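Next up: just one chain, as structure tokens, the form predicted alone.
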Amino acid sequence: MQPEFERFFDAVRGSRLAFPYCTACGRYHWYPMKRCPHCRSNDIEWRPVSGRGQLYSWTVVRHPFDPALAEALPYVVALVEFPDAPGIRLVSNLVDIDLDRLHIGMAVEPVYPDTASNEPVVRFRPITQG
């Protein structure tokens, strides 16, 4: 793992999301960099976000490109954006999803790994109304 990503994965292990934020220009960026890609400042801090997001785009994978994932087919690779972290779009997977209900702008929430898992992977699922 590249050291720039450690704070992201540490947050996920703690069931939180956080992204790099430039205090000089007031913008988020993803992926982590030593300097802000917008203004080149190194005044970067990590800010927590709620994790609630919206589906920006997706694809349904139906071919086992990786044999280890063959039994998971079909699965959804999604691009999620966050209203409280403008400019961030995170690639992840959607789970607990009816493929026929996928739509741009779908409200989603994070699904964190259980505490026994060493795999710091955040996935997303639709927010159900009710």
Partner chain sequence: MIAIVGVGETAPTRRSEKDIRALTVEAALSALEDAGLAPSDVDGIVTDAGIMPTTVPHEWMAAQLGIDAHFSAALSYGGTGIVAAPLLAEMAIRQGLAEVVLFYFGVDWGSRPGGPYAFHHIYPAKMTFEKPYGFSGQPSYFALWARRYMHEYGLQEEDLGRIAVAQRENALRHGGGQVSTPLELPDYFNSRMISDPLRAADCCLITDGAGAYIMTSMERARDCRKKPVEVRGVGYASEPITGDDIFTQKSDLLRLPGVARATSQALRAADITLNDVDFAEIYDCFTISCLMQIEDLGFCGKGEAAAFIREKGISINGGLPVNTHGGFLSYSYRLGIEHVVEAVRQLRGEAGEAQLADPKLGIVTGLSVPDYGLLVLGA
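Owing to the predicted nature of the structure, the values given are computational and were not obtained by experimental measurement. Positions refer to the first chain, counted from 1.
In what follows, reference is made to the form predicted in complex with its partner chain, a form of this protein that is not presented.
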Even though the partner isn't displayed, in the predicted complex is Asp43 close enough to its partner chain, meaning a heavy atom within 4.5 Å? no
Could you confirm whether Val77 comes within 4.5 Å of its partner chain in the predicted complex, counting heavy atoms only? yes
Is Asp66 near its partner chain? Define near as a heavy atom within 4.5 Å, in the predicted complex. yes
Residue contact check: Ser50 to its partner chain in the predicted complex, 4.5 Å heavy atom: no
Which residues from 1 to 39 come close to its partner chain in the predicted complex, meaning a heavy atom within 4.5 Å? Met1, Gln2, Phe5, Phe8, Phe9, Trp30, Tyr31, Pro32, Met33
